[in-house]
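The chain below stands alone and is given as structure tokens, in the form predicted alone.
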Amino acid sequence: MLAKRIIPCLDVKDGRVVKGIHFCELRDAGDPVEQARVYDAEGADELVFLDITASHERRDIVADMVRRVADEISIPFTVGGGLRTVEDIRAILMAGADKVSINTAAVLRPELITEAARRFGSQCIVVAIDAKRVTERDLQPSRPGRAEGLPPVTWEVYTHGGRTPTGRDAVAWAQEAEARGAGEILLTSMDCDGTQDGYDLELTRAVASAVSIPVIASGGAGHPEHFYQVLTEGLASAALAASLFHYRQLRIADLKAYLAARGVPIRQTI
């Protein structure tokens, strides 16, 4: 069995790492370059860097910051936010990223996944899915993003940093992303994001069971047990967390020791 991965996430806004709850109430969590350096030294398996307002503000990601982070770390590095074209993706890969994460642009023009995978390889194309559980109110056709005749959804895909509902079902979209050439899914539960109450195991398991590519679970980590649950019951290949690591509530080395003791195949920290 492949080793499970532990991945810190740097959500960046205005050049600073931030973290909120349900994608809102953002608070400062430090300098991204310094945070990246610390996580590399602490034994993180990979790092994800997301410019969380780039798509909403319709601007390019900060390539210089990507370069500075890449210069400080030796672990694989995924970058996302505001990437709209194959040339945008090329520029970020040239700046030092190992993978790119695309979300809004992929939903708006799914052909981007195929074009990018053909040019750069599926291994470096991560499709990020921000999903929210559907309620009865959400099913009303009059709500923005919904229309008559759409098939029922259990978890709806959101774009533009969690601001825009799309009417797309998260599981079906993950399957389409894989078919179009994505090499990995970064799956965030908007309902659990920042709560530290645990990952959405049902959502993660539904997506991981529907695709054959790795699924990174995101949103809700609060205790070591939550990582164990999502990597076993949730069938995730990797677990991502932000505030839990940023505010030093949990050390990566301690988490890996806990998981290894419970029989989870994990890359040991040297």
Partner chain sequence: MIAIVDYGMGNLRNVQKAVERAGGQALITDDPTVLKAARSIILPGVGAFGDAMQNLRERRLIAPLREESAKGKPLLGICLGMQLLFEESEEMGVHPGLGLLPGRVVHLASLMKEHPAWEPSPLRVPHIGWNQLHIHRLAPLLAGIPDRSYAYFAHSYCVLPTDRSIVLTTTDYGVEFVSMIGCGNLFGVQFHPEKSQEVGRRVLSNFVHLSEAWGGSQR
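Because the structure is predicted, anything quoted here is derived from the model rather than measured. Positions refer to the first chain, counted from 1.
Quick note: we don't show the form predicted together with the partner chain, though the next part is all about it.
Looking at Glu184, you'd find a heavy atom of it within 4.5 angstroms of the partner chain in the model of the complex. Although the partner is absent here, Gln229 sits far enough away that none of its heavy atoms falls within 4.5 Å of the partner chain in the model of the complex. Taking non-hydrogen atoms only, Asp71 approaches the partner chain to within 4.5 angstroms in the model of the complex. In the model of the complex, no heavy atom of His223 sits within 4.5 Å of the partner chain.
This chain is displayed without the partner chain, yet in the model of the complex the stretch 74-82 from 100-108, 168-176, 190-198, 74-82 comes within 4.5 Å of it by heavy atoms.
Residues Leu235, Ser237 are the ones in 224-262 with at least one heavy atom within 4.5 Å of the partner chain in the model of the complex, listed in sequence order.
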